[in-house]
Ligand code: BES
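Next up: just one chain, as structure tokens, the form predicted alone.
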Amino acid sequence: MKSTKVTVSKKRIEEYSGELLVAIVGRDNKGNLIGEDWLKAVLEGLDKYKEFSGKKNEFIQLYPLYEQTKTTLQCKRLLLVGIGDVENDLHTYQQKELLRIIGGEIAKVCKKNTIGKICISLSKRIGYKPSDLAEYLTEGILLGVYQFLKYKNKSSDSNDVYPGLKTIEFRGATNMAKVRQRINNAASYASAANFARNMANEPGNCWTPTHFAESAKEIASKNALKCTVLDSSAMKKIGMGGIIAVNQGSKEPPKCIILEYSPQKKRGTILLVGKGLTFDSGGISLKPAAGMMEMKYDMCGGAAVLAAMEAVAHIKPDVRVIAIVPSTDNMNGGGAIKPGDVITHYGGITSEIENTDAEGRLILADAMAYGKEKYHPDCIVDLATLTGAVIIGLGHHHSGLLSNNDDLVKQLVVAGKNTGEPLWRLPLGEEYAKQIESKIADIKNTGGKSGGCITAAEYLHKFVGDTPWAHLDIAGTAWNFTEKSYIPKGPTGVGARTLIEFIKQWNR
């Protein structure tokens, strides 16, 4: 789908003659509808018949004869959207999320009525800054109109396919420069999430480690980033035994992809690591057939990291950002790693393999140990669809967060709230670390059913030392996330926007 153009215009609302005009409507403490002056006659009529109350996320679409009112509008449709009480006690992050959800509902209207161009009035009377309205409505709309149509037949009888939203135009802004800046920010966030969704939607036969690597090279060439791809021979040479072991049963060669953003003046280094498991059969410890099709999504952590790096190149923060995506699939070919095998990770830690389906921690451990030694980061953040256990604990509503640093946790939690991707901290500790002690190696790759999400994180904890580190287990949110108007069925792109927000606001 082609990208949507978002513009700001000086033209009057009354002059808009396009397909859909959107106006946000609030209500005062007496329940009276509040909107712009040009809406006065319309709102009076709605008040009279009590068909629209202006409560949060309430919609009404009108096709009236405006010639009968004092204000003559030229638009074909008028969509009124309720935002609730103008004097509310919502936190800032809740206001942002409400606007994103409204944006997603606007996107649904566009899809339903095959609308390609819309205009949105930036009201100054409903308790929100016009710049906030523009940014978060834009983000919600761009996330909400997302579709993955790459493999759809483009024949002429495919009339049920929405051709996409071409233009969003904002009118009524007083500070146009600020509004433009904010909608550009929204576009960067939405573009990153949609890029991550695209990668995850690709079938396993069309998104291999090689495809991951080629995509990273393309991002680097377009955005002046440095890209390095370690192949199988390079990983064997430096001792990345985890990635090599997981790849043993596959005919697809593994890749370890590294992207670097380095500003001239930097105030520190952030290392991002994303799990790039392009398909997970479970290996010898084979997964059940039911649900295995979804295991093409096991690379969503890597997708989020890669997408965030493209946004970082556009935003240009004053912090160095390194991204590493270890990528392979996990198959059960003749050479596949077996339960009982012992491997040696980068840096020398040995691991006994109890379950070949606990493979994500094996490839992440190599990448984290390598990145820590080579780039000396001030903090490490890894994202992975790592455990089913996190879904048992948190459902599909929060991503799991585990960390050795309280300040890093605070910053990530704020970033998650601001982007509508909430995180919930789970504990670490010696009691959990004991569960992955091995009798014949330094550690083993599972700790039993109890605390499975935590013991998986403790495995990773072994490879970061004293460096501030946070692990985001997105197995419950990378797909089947809490139902929202701007979140599609299937992969959500979760993590990409949180990472961008975190990097922008990061404090050492």
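Numbers for residues come from their place in the sequence shown, where the first is 1. Model, not experiment: these values are computed from the prediction.
Beyond the structure shown, there is the form predicted in complex with the ligand, which is absent from this document and is the topic of what follows.
- Exactly one listed residue, out of 464, 472, 475, 39, brings a non-hydrogen atom to within 4.5 Å of the ligand in the model of the complex: 475.
- The partner is absent here, but in the model of the complex a heavy atom of 388, alone among 388, 263, 163, 335, sits within 4.5 Å of the ligand.
- Remark: residue 361 counts among the residues lining the ligand in the model of the complex, judged by a heavy atom distance of 4.5 Å or less.
- Interface membership of residue 459, defined by any non-hydrogen atom within 4.5 Å of the ligand in the model of the complex, is ruled out.
- Although the partner is absent here, residue 410 sits far enough away that none of its heavy atoms falls within 4.5 Å of the ligand in the model of the complex.
- The ligand is not shown here, and in the model of the complex it never comes within 4.5 Å of any heavy atom of residue 421.
- Heavy atoms within 4.5 Å of the ligand in the model of the complex are found in exactly one of 349 to 357, 215 to 223, 310 to 318, 373 to 381, that being 349 to 357.
- Residues 287, 295, 298 are the members of 286 to 303 with a non-hydrogen atom no more than 4.5 angstroms from the ligand in the model of the complex.
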